[in-house]
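Below sits a lone chain in structure tokens, taken as the form predicted on its own.
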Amino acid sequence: MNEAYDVVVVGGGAAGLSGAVTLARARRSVLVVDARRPRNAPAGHVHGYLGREGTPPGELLATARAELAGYGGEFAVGTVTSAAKDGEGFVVVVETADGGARELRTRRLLVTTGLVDELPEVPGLAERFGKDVLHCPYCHGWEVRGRRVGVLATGPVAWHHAELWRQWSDHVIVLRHGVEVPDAVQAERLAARGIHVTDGPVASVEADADHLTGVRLASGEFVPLDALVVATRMTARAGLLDSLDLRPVPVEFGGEVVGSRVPADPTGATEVPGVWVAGNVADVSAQVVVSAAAGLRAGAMINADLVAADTRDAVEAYRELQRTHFEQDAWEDRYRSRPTLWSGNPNPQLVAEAASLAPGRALDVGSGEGADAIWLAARGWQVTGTDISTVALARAAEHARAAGGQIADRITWSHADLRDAPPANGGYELVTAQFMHLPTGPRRAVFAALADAVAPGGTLLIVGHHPKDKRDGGGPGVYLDMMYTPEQVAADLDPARWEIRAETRARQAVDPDGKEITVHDAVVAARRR
């Protein structure tokens, strides 16, 4: 077990494993904690599960655990003894199989602890339960079709059970065990279907060679049977949820309380945010396939809830990034974090476009550590290098001095935030902005100011990371909406004032792992008329 998960699933039956596999396939970190007390442990086979008909319960669960592991989900034998709110998530305490205890954190909780079948206290009954003492005709009716079936009548629901089991056998006997005789209407219904009623109570359930032989009545009479139907009281295993003030409610059938369940909406969401339930703990009538479906649905809804939370957190982080990432303090920290942030080489698109231009006045926007400004000055340009970071400008000035006094004399370093202090109109024969990425609104405003700074006959050169690389699974660590195509930049330039070339250019680069890759630059080279 790790210390934290997206989801902890409590209970490793059909509902829990189905939900866990769904979540693991959604790339969530999932831990299933199971106490190894399955309700259907006495049963020999699972029925009504399309494609899994007749599978032994243990085999079904073993297959499901292997599927979970195949998707990276985890499974642990133990008992979750408590759960407490921890912000939007939970702290759960797991008592492990070796008697130890672990405290884990989880963002969401899926409880699939099932229910306990509480049986009438009849000697020999519990030992046969799930074998030939039965409760569900859809689970076991086919296996005892046409056989002698007794219905242990402990409450009014027994009359319904008798009529239901009559579909599978012509030999159905109701054994009154504390229930009143049927009224006239019910007696007529039973008689019409050939269902016999025998006075009890039942003193014991008898078997021979691991097979039910019948029941012994308190009168001493023996009633031979092949199967005995019992209405269990189905009590939700929900003690864990007490610590979250989430408690079961009664389940009634025909005016009789037959069990309890944890209330939830159709998706399994409870009234406690972040807690879902699925399977018999929420639905006492759910068979294995229904529980598995409920687990899948709950898992999908938990993932959707986590997606919503992840998106909310991402939006908050993105807003904080927009608020701070482009400010001076952030850039100062970025430059201070490394002795050198950039390669020291001039940007290749600047070299390609400016090599043939006659030198004049140049504005290098976001000059960083000075490589572009130094390259231009070495070719005779009078350069103003501007940047928001004083650390970057100090490095750039040092590099310029190292390149030679004549080059350094041609460069003026300017500390400025062009969002607040745009350059003078018409002041430069070349304005170059290499890989300046801002949110769309500020970026368009800055680029418009840069266009205004170009003198008649001068050149505006804007180069950025093309969103194509991000779309295709690569690209730099720049948010997609801060990238742009050359066409988007060109659309903001008036063709009546500019001769515009907008191109996407491929070039070779080296990724952080040292691997050669192809990247694409969005290039706009425009000459002012």
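We number the residues from 1 along the sequence you see. These numbers were taken from a predicted model, which means no experiment stands behind them.
Here the subject shifts to the form predicted in complex with a small molecule, a form of this protein not shown in this document.
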Open item on the list: When the contact criterion is heavy atoms within 4.5 Å, does V21 count as touching the small molecule in the model of the complex?
Closed with: no
Task: is_contact(H135, the small molecule) in the model of the complex, heavy atom dist at most 4.5 Å - done: yes
Open item on the list: Can you tell me whether G299 touches the small molecule? I mean in the model of the complex, with a 4.5 angstroms heavy atom cut-off.
Closed with: no
Open item on the list: Residue-level contact is defined here as any heavy atom of the residue lying within 4.5 Å of the small molecule in the model of the complex; does F129 satisfy this criterion?
Closed with: yes
- [ ] Sort through 283 to 291, 360 to 368, 174 to 182, 312 to 320 and report the only stretch with a non-hydrogen atom within 4.5 Å of the small molecule in the model of the complex.
- [x] 283 to 291
Open item on the list: Exactly one residue in K468, R37, R501, R497 has a non-hydrogen atom within 4.5 Å of the small molecule in the model of the complex; which is it?
Closed with: R37
Task: Interface residue in the model of the complex among V80, V202, I411, L430, criterion: non-hydrogen atom within 4.5 angstroms of the small molecule - done: V80
